[in-house]
Structure formats: structure tokens, C-alpha cells
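Here we start with a single chain on its own, the form predicted alone, put down as C-alpha cells.
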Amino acid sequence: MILAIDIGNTTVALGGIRDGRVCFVARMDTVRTRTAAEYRAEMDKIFAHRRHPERPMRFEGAVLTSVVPQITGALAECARHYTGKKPVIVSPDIRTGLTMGVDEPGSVGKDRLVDAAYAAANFPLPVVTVDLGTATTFNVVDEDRVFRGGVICPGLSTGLRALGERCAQLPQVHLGSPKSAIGTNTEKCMLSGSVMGTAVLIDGMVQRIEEELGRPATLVVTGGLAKYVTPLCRHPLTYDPELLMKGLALLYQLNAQQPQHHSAGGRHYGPQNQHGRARQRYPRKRTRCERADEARTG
């Protein structure tokens, strides 16, 4: 199983991925002041809750993406603790299958790279991905697998929270899908503006992107808040809540170093017997004719 770690502004998502299938996803709060030991204690609780007594959870490697540089090192240290290996850390310098066609590749959010890489490898091109989280981000990959850039907007819940905090007469609103564009009270007006407004934003931005590309594009939507918005979108789309975890698994496959065979020392990756030890090689047995020849010449 591969350990996938997505460090976001609000939460850190932990995923277990086996053969490209997401087995579990768990989340813990993003706390910028936590140490590696504190994060590991939290992760121990999460893994203990999911561990089967007869099938202990083992990770053969890890891949990590982060938009919070302050804690990237701490979570990378945790990944090494659970796997015994240095994790694959997402950056424009690793193999993604994409050509970067932006002004500053290093400044592109690493989660955006993950979404774009997976979508480009698994959907018809050109493709647009939209991730609805703390921020709403669009990524554009053209028909030549060139990452062309995208769009960054305030997230749906971020906007609602700002309205409640900055406007004295506006309440905090619980998220849901509005049934109409015209609200009949303050909360419904805010919900329409935020949720339906995000759906209109997606439809409108994708239309503009398609005009600039000169051809229709595949639309893939993901993110924790997408379930409220996707039913209201009019552009055909695919909703994949596991897009980023699947993308991390893809990038691990593209970049993880294969185990090396060594003649002596180090970890052995050769054939294993049923007890987990390396098979011992014995000399080939001599035939009866070979033994007779040796007796005559001896």
C-alpha cells in the first residue's frame, strides 16, 4: 500500500492506495506549529483505528504534496518513519507527464499539478480540472499535454465565512444546494450567491477557456465542496472526489525509485521464501556419470 499525504490549508488528508484504488482517506487539522512527533502521534491513532489485527497496515512507499511549506518537512519525516524511505515530494521537477507552459512553474500550487497530471493521463484532452476547497482553482492542460495555467478564486466556504465575519447583519450559513437563484430570505440569498454563483462561475470560466483554446474541453471537478455545486453546473462534467489521491498514486508510480539488487550488504530484494528470508543458493548436485569420471581421473 502507498501512503499519500495531501497537506492543504485547512486539513491534511491521508490516503492509503493499493493498485491504483483508494482504500481509505482520513483527515487531520492543518496546524502550522505542530512538530513531526505531534503529527506522528495523530497519525498513529488514525492508522490504529483502521488496522486489522490479522492484516497489519504496511506502507511500501509514500508520496506527498503540500501548499503549506512550514509543515512539509515535518510530514515528510512522518512519511519516512512509516515507510523507511524518502517520500516522493511533488514539484515541477519530478516526472508528471506534463510540459509546463507557465511563467513561473515553481509557483504553481502542488495540488494543482497533481490534479492536472492525473486528468491529462486519464481524460480526453484538452482538459480542465476544478478543485473546490479553501480556494477554487482551475487548471488547463491543452491537447499537447502542456499545462497552460488556470484560474484561482476564493473558495465557496471562504467567501461565505468572510460575509458572516465582515457584514454585521449577515449570518453564518450552512452549506447546501439552493433550489432557486432568487432567494426569499437572507440565508437563501447568501446560499444562492455562493453555491449557485460558483456553478455559474465554473460554467462561464470553462466557456471562456474553451474559446481561448479554440476547441471544447473535458471538465473534471473535485474537492470537498463539489457535491453542493456540481448538480447546478450546466457544462457536462465528471465529478471525481478522489482525483487528487489518484493523482498522487500516479506520480508515485512515475517517480519512485525501483529497489536495487546488491551483491552484498544493504536490504535484500531477491526471491523470498515463505518465512520472508532470502532463498539460499546451494551447489548443483553432480550426476552419476560426473562422479564416475572423477573417480577414474582421481
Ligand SMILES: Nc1ncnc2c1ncn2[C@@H]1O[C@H](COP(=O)(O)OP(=O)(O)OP(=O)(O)O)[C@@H](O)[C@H]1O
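Start at 1 with the first residue shown and count on from there. It should be emphasised that the depicted structure is a prediction, and the values quoted were computed from it without experimental measurement.
If you look for the form predicted in complex with the ligand, you will not find it shown, but the lines that follow are about it.
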Of 210 to 218, 78 to 86, 186 to 194, 130 to 138, which is the one stretch near the ligand in the predicted bound form, taking non-hydrogen atoms within 4.5 angstroms as near? 130 to 138
Give me the residue from 101, 224, 97, 154 that has a heavy atom within 4.5 Å of the ligand in the predicted bound form. 224
Any chance residue 40 has a heavy atom within 4.5 Å of the ligand in the predicted bound form? no
Taking the ligand as it sits in the predicted bound form, is residue 175 near enough to touch it, meaning that at least one heavy atom pair lies within 4.5 angstroms? yes
Can you tell me whether residue 235 touches the ligand? I mean in the predicted bound form, with a 4.5 angstroms heavy atom cut-off. no
Is it the case that residue 27, even though its partner is missing from this view, gets within 4.5 Å of the ligand in the predicted bound form, heavy atoms only? yes
In the predicted bound form, residues of 66 to 80 near the ligand [heavy atom within 4.5 Å]: none
